[in-house]
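This document starts with one chain, in the form predicted alone, laid out as structure tokens.
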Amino acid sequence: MSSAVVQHEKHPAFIVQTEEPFNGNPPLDFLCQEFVTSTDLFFSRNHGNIPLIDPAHYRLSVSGMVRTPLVLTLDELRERFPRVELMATLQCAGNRRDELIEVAPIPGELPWGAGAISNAVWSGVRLRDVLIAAGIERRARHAAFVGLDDVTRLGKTFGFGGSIPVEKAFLPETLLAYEMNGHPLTPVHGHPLRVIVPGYIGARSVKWLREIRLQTEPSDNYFQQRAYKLFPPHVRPETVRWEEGIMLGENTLNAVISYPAAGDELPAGETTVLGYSIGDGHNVVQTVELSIDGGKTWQTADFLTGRQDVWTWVLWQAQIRLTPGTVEIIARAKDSAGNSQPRDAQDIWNFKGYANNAWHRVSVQVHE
């Protein structure tokens, strides 16, 4: 077992992508066993150190375009604002990057499989309640966040940061969370306080939160202005103009097969296929369909839980009949607005490897 796994209290099966900074994910066959992901299996994405913060000395600053700047302790947050609880799925923007790497190389980025996603119950206070207490000015358009970690990029060291539009900051689902799955946040997941922005890429749910700043423009942090941006397939690192990229925000509709895994050997006949699907933050997943004939025909999977909302994934299963040979199982989702996924990863390839939501394909070997 990796020492990093022990240090961060992760499950022995947790897959460590890098130890410094600590990044990893649960195995896919573990991921879909429970609707709520246990904290020791919840994926971890970090760009710098994991700060160890004494809650007694913690302070949150709310500044910028506000009438009453605030400096709040953790106790003051708990006492002044109503406690709320919300279930939400977080997903790394680079989830399923390994499939884009198969299309063309993506140097310098983690080769995430489809496990950089997890679902948890978050408890804390609504961000909007804190912003109302500070009294934001009308011309404020973005809420910018900065963490207490140390990240070095382009010769400078700073806290990881990002921003969301004020409209999203004022929606009731956006939280300042101090608990995860009924317990205080662990250090690797943002103790003592983090942002939770349901429906957005995980990078906007800034951990170890030290400052909220209201401003007219998006955050000038490296991870808002440069790292988490989307470019069309023809753009390459040597030709990129960073100011022309799209700042990543909302998730995209996606469906993933978690079992069987690519390369598995299976007997002919009936087999169970398991997976997850996530919506775009506006519409619920309506159907998940599977094909074993290249997309000519499709069958509908069954959802494993009755719960469906825009902030959480759905888990699904289907029974398919396999015949001997190499079989490619394909999954795709449709949502309540009629949106569907793109067919091929090559059509959405980008040199950062973000937002892969092409049909998910798993090839297995079937024997008599």
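We number the residues from 1 along the sequence you see. Everything numeric in this text was worked out from a predicted model, so none of it was measured.
Here the subject shifts to the form predicted in complex with a small molecule, a form of this protein not shown in this document.
Although the partner is absent from this view, residue 208 contacts the small molecule in the predicted bound form, with a non-hydrogen atom inside 4.5 angstroms.
Remark: residue 178 does not count among the residues lining the small molecule in the predicted bound form, judged by a heavy atom distance of 4.5 Å or less. Mapping the unseen interface onto this chain, residue 340 falls outside it, with no heavy atom inside 4.5 Å of the small molecule in the predicted bound form. Within 4.5 Å of any heavy atom of the small molecule in the predicted bound form lies no heavy atom of residue 332. With the partner omitted here, the residue from 127, 144, 72, 203 that has a non-hydrogen atom within 4.5 angstroms of the small molecule in the predicted bound form is 203. Note on the interface: of 87-95, 234-242, 168-176, 128-136, the segment with non-hydrogen atoms within 4.5 angstroms of the small molecule in the predicted bound form is 87-95.
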